[in-house]
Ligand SMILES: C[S@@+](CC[C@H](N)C(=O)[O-])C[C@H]1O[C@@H](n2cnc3c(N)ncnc32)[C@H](O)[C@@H]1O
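Given as C-alpha cells, the chain that follows is alone and in the form predicted on its own.
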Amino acid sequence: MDNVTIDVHVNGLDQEVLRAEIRRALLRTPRELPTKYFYDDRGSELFERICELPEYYQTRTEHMLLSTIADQLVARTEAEELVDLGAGAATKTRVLLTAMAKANRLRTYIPFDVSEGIVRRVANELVTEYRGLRVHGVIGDFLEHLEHIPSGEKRLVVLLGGTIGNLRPDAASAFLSQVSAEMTSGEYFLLGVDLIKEAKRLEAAYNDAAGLTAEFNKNILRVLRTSLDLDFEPEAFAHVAFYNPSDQRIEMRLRSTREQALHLQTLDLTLTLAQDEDILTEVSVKYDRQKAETVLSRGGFHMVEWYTDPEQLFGLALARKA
C-alpha cells in the first residue's frame, strides 16, 4: 500500500552479539534471559490472548481509562502523529487514533515493535479503518533502535500496557532519557503504569487458569532454540510468577523440574541446572503516582496530568519534554 512504510532493523541481528548477550544473562546470579525474546510472532499472539483473560485486568482497565480521557488528551497535546512504542496489536491505541481522527488531527501512526508480522498486519488494518492515515512502522527493539523513529512534528509518544515495569527503576529512567532525546521540546509523552496493589490480585494476573501466561513464558525458550539452536526443552521447566514486595514487582521465572545439563554449543557453554533452580525471564515493577513522577523527571519529562481508574488499578501519566 502506498500509505504504508515499514522499516526493519532486527532481521540482520549480529549473531555474535546475540550469543554474547544470552551467555552473559545465563551466567548472572540469578540466571536470566532477556525479556524481549518472548516476542516472536507467536509470542505476540499469545500476549494478545493473555490480554483478554479475566485475570488480566491491566488491558481492559487501561482501555477504559483511555476511552475516558482520549478527547482531552488530543485537545491538550494537539498531536497529529502518534508514536507507539511496543505497539503490539494496537488494541488500546485505536482509542487515541479514533479521538485524533474525530478532531481532524490524525496524520501519521508510527508503530514500533519487535514483531514484524504483527506490525505489517496492523498497518494494513489501520489504513483501511482510518481514511488518509499514513503508517510508518518500525521493526526493532525500542531499547536499542530508538534513533530509527522517523522525524516528525506535533507528535504524541506513548508507552502503554505497563511496559515500563519490565525495566528496573534506574534502567527505566535511562530509557526515558533516550526517549526524551528523540523528542522535540514541548512534545508530549503518555506512560501507562500498573499500580501497586494487593499481592493476590497481582499474582492472579500472571498465573491465569487457562495457562496462557505459562505458555508465553516458555515461548522464550522456543525462540532461543530456533534462533540460536540452543538445547532448551520447554517441557523441562515450570512457569513460576510471584510478587516481590520489597522491590514492588512481579517476578516471572522458569524453574527447572529436574537436574539437567544443557549443552549450549553455539554459546560455548554447558549449563548445569539443579532441580528447582530458576531462570528469571521478566520483572514487572509496580508504580504509584510519586514513583511515576520521579522516573519521568529523571528521564527529562515534567508530568502534567495523572489519570487513574476508580479502583486504582492502573495509572496513566501525561508528561511533557522539559
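In case it trips you up, residue 1 is the first one in the sequence shown, and so on. What you see is a predicted model; the values in this text were computed from it and never measured.
One more form of this protein exists, namely the form predicted together with the named molecule; it is left out here, but the text below deals with it.
With the named molecule omitted here, the record of contacts in the predicted complex names 34-42 of 269-277, 252-260, 290-298, 34-42, defined by a heavy atom within 4.5 Å. Though the partner is left out of this view, G137 does not reach within 4.5 Å of the named molecule in the predicted complex, counting heavy atoms only.
In the predicted complex, the named molecule lies within 4.5 Å of some heavy atom of G88.
Using a 4.5 Å cutoff between non-hydrogen atoms, P111 does not count as a contact of the named molecule in the predicted complex.
The closest non-hydrogen atom of D141 lies within 4.5 Å of the named molecule in the predicted complex. At a distance of at most 4.5 angstroms from the named molecule in the predicted complex, none of the three residues S173, D194 and Y243 contributes a non-hydrogen atom.
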